[in-house]
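Here you get one chain, nothing else, as C-alpha cells; it is the form predicted alone.
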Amino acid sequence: MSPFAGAQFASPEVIQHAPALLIAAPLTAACVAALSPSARWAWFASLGGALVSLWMALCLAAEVARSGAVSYAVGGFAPPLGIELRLDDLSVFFCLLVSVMGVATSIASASLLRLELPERDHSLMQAGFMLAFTGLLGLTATGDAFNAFVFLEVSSIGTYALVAMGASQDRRALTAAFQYLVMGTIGATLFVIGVGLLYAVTGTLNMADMAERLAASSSDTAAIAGLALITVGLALKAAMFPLHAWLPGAYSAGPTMVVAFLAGTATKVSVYLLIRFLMDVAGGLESAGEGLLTWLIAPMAGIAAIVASVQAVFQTETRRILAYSSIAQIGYVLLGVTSGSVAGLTAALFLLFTHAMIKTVIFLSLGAIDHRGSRLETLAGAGREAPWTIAALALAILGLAGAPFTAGFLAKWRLLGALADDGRIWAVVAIAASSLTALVYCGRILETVLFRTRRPAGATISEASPAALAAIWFLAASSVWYGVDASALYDLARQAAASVMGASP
C-alpha cells in the first residue's frame, strides 16, 4: 500500500489542477527570478517555486494512491488528440524525487552562490535552475511523447547555461558545457527521430494511445528502430557507459548548485523515460523492449558498474571521483531495471532515490564548505574546521560505500537479493566487485577529511550556513533513517514498479 493512501494535502479544487501547477510554479519562478532586482528576491522566487512544486507532488501522490492514474487535458482538448499530463505511480515517484532534491538545492543555493559567483549572476542562476527544474518535472508528468522531447530540451538548455556560468571560477566549465551541449544534442536528436518513427507507425503522440496501437504492430521494423533510437538517445542523457564522456567534465567544473541538482535528478529522470518507453509504451513490441534491455542495456550496465568504479579509484579530483561513482551507480540501477521482475525494478527505484539523496548531500556539503580546490588533498583536516558539515558528508560517503545501517547498504542488499532470485548471478558479481572497489575511493575521501591535517596553503574550509546545514542534514538524516526503516519509501517504489509492469504490488 502507498504511504500516501488516505492523505489529503489540499482542497479538491487545487488537486484538480495540480498537474498543471506542478509545472507552472517553477516556470513562473524562473521568469520572476530572471527579472528580480536583487539576489535575495531571486532566491525567494526559486524557493517558492520549488516548494509549490513539492506541495503539488504530494497532492498528486495522495490522489494517485486514492483514485489511480491522474489525467489532465491541457487547453481543454481531450486526449489522445489534445496534450495530456498523466501521472501514475511511476510518475509520482519521480516527481517526488525531483521536487525533494529541488527544494533542498534551493534552500542551500543562496549561500552556495555567494561563495562561487558574483552577485550580479545570482538572478540568472536561479532562473536557469528553475528552468531546468521545470523541464525535469514536465518529463515526469507529460503523457505526450513529443512533449517529453520538449521538456527534455527545456531542462537541458537550462543545465548547459548553468554549467557554463561556472567559468568565472573554473575556465574548464566552458569546455564542459560545450561538450555537454554537443552530446546532449546528439541524444535529443536520436530521441526525437525515434519518436517520429513511432508516430509514423501509430499516428499518435499520446504515449498511452501509442502503447495500444503498438500492440497491433508486434513486428513493425520502423517501430523497433524507433525504440532503438530512443534507447540510445536516453542512454546518452543518462550517462550510461560508454556514452558518459560529458558527465565528469560537467561535475568537475560546474557551479555546486547545478552539480548537486544534476547529480540528484537529471540522469535519474532519463532512466524514468527509458522505463516508460521500453516497459510501458513498447506495448505489443514487448519482445523488442526486452531485447533492448537484455542485450544492449544490461551488458553495458554491468561493464559500467566495474569500469567506472575502477576509474574513480585513480582520480585525484574530488568531483571526478564522484562523477565516475555516479556512472557506476547508474549501472547498478539499470541492472535492476533489466531484471524483468517487479522485485528487481523495485530495488532499482529504491536505490535510485537513495543515491539521489546521498549525492545531493555530498555535493551540497562540498560547496557549502567552500571547497574551491578540486583536488582531494585540499579537504585535509576539514572535519576539525567544519564538524557539522563534514559529519553529514561522512554519513553520505558511508552510504555511498554501502556501510551497514545506511540507505545505500539496504538498497544494494535488496538489489543483490532481487538479482540473485532472478538467476542473474553475473549481475550480482558485477555489483559486488564494484561495491568492493567503491570502498577504496570512499575510504580515500573519509581518510582525507577526518584524519589528515596537512593541506596546501591557501585552501580554506568554513562551516556551512544554517540554511545549507538544514537542507544537508535533512537529506543526510533521511538516508540514515531509510537504512533502518525503509518501509515507506520501499512501498512507494514497489507501487511504481508494479504499475509499470502491470502486476499487483
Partner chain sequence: MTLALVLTPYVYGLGFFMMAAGLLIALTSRHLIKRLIGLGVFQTSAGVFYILLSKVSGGTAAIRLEADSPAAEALASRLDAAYIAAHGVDGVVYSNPLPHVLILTAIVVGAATLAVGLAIIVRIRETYGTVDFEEISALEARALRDVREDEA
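Nothing here was measured: the structure is a model prediction, and the numbers come from that model. Numbering follows the first chain given and starts at 1.
Keep in mind the form predicted together with its partner chain is missing from the figure; the text below concerns it.
Contact annotation for Arg384: none of its heavy atoms lies within 4.5 Å of its partner chain in the predicted bound form.
At least one heavy atom of Arg375 is located within 4.5 Å of its partner chain in the predicted bound form. Of the heavy atoms in Phe149, some are within 4.5 Å of its partner chain in the predicted bound form. Its partner chain in the predicted bound form comes within 4.5 Å of a heavy atom belonging to Arg172.
The candidate spot formed by Tyr160, Ala177 and Gly196 lies fully in contact with its partner chain in the predicted bound form, as each residue has a heavy atom within 4.5 Å of it.
In plain terms, the part of the chain that comes close to its partner chain in the predicted bound form, with a heavy atom within 4.5 Å, is 196-204 out of 196-204, 273-281, 87-95, 334-342.
None of Leu190, Ala380, Ala211, Ala391 but one reaches within 4.5 angstroms of its partner chain in the predicted bound form through a heavy atom, and that residue is Leu190.
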